[in-house]
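Only one chain is given next, in structure tokens, and it is the form predicted on its own.
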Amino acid sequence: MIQFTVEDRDGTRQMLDVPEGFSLSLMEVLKGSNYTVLATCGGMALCATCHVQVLAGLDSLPPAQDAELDMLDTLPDSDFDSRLSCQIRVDERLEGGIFRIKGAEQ
């Protein structure tokens, strides 16, 4: 199991346990865990509605690619620790991470 924490927009935190080997994105796990994440583009890094802030574990993640960085640059509240959850694969590198949901709700 891979364990990490998700902080919702209201500050509520919940630890999620995700079985290893499913090759899901963080966005897919968030949606499957009933978090409101629009993910309008379906995970293609084209909308930024799955924006998260990485509060812990940023150094463990693979670096963002150009398409993700370009989309993050369009957000007024993007910062050095911002990522698109659709571009983060859930694997052992997320263990112990903390992710704050930032993307639009509607």
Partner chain sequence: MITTDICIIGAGPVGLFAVFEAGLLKMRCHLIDALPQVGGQLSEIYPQKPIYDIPGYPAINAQTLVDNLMDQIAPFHPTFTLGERVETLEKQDDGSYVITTSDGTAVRCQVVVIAGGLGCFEPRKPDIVNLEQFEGRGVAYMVKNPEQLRDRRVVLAGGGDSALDWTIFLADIAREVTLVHRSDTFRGAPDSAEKVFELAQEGRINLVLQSNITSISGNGHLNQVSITAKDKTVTSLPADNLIPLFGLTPKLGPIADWGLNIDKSAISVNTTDYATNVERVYAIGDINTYPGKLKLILCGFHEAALMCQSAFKYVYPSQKLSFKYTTVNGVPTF
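Owing to the predicted nature of the structure, the values given are computational and were not obtained by experimental measurement. Numbering follows the first chain given and starts at 1.
Unshown form predicted in complex with its partner chain; subsequent notes refer to it.
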item	value
Exercise: V29 in contact with its partner chain in the model of the complex, heavy atom 4.5 Å	no
4.5 angstroms heavy atom contact with its partner chain in the model of the complex for V54	no
4.5 Å heavy atom contact, T40 and its partner chain in the model of the complex	yes
Contact label in the model of the complex: T74 to its partner chain, heavy atom within 4.5 Å	yes
4.5 Å heavy atom contact with its partner chain in the model of the complex for all of F22, D91 and I98	no
Residues in 37-53 with any heavy atom within 4.5 Å of its partner chain in the model of the complex	T40, M44, L46, C47, A48
